[in-house]
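Read the single chain below, which is given as structure tokens and is the form predicted alone.
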Amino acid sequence: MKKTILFLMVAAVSLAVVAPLFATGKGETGPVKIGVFVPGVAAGSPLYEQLVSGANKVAAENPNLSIKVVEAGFNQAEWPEKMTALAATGEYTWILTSNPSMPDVCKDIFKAFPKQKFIFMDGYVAGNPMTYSVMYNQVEQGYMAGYLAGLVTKSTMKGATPDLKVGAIVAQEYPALTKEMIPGYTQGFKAVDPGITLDYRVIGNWYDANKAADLANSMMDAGVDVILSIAGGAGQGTIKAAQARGRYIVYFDSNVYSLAPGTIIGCATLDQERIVVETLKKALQGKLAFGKADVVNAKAGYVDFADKDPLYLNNVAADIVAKMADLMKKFRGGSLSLPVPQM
């Protein structure tokens, strides 16, 4: 009840504020202010770090552009209220955010603030003139991680077990995860050997590293030797558990081999900083197509695998490195592409 009352009060206040400047198709000539809404905290979350760094890079090149970063914390129940408060100020030309769940979080906010423009990274919402969104082909990203996991579990690398079992520990379930990431991961390891099986666990939040460690140890007790981690800060527990037992981690979104060299053996990456910079530059030029939802892929370089890092090359068997190189040549050249399901 209190949240409902607060929402109605904020919506009413919004009617009295002065509407900010929006893209007109001719580019922005006056002061521009961007609210960067981080649904969590930036530090330790690769995509959020890239979200902030990309916005700051554009601001550094444009004296009329200012950035305010709002970190909403880990309690997802508070995100709608905090986003509402940000939109209610009427200060921001655009509100920039990143998370597959954010378009749904903002549904009621769209109605309350119809003049506010939103830019969603790593999200998908089409046909709304208030929004622009870009989604990564995370079927391809998952496939890269799964193919590596499959090669390693079948290998004679020191941490590999006789069981053909790989794992995935995720923070929470959401459409991009269940429709893209895990299906892509499964396609990847099944391409190595259809007999490989998946042990899949859900933590329930993005911060409980102790629970993640418990789940990882349970998996490893059952013979899992490679675990995909998609868990934000909670993933630290998975990494430490694998490190203690000489097993392996495949990581999503950023190159983090240095966090645990020899334990983190693969990083399927997204170039969010690049797409943030390109998107904001288009918005400043009045060329960003609000109402549109784009999907970017491996051929264009937004989805990739960090295979040039010495910490990868020196800790993964040479024959596996060679097979991954062949796979990535196909993805980067466009001879291998995977469809994205309707979200």
Ligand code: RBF
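For every residue, the number given is its place in the sequence shown, counted from 1. Here the structure is a predicted model, which is why all the values come from computation and not from measurement.
The form predicted together with riboflavin exists for this protein as well; it is not shown, and the discussion that follows is about that form.
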Review point. Residue 257 near riboflavin in the predicted complex, any heavy atom under 4.5 Å?
Key: no
Review point. Contact between residue 79 and riboflavin in the predicted complex at 4.5 Å, heavy atoms?
Key: yes
Exercise for review: Using a 4.5 Å heavy atom cut-off, state whether residue 303 contacts riboflavin in the predicted complex.
Suggested key: no
**Study point:** Distance check, residue 138 to riboflavin in the predicted complex, heavy atom within 4.5 Å
**Key:** yes
**Study point:** Among the candidates 172, 197, 155, 217, the residue which, in the predicted complex, approaches riboflavin to within 4.5 Å (heavy atoms)
**Key:** 172
Study note, to complete from the structure: Students should find that, of 230, 106, 145, 87, the residue having a non-hydrogen atom no more than 4.5 angstroms from riboflavin in the predicted complex is 230
Check your understanding: Taking 46, 181 and 253 as a possible spot, do all three reach riboflavin in the predicted complex with a heavy atom inside 4.5 Å?
Key -> yes
Revision key, fill the gap. Partner contact check in the predicted complex: of 61-69, 294-302, 274-282, 47-55, the stretch with a heavy atom within 4.5 Å of riboflavin is 47-55
Check your understanding: Are there residues in 76-110 with a heavy atom within 4.5 Å of riboflavin in the predicted complex, and which are they, in order?
Key -> 76, 79, 99, 100, 101
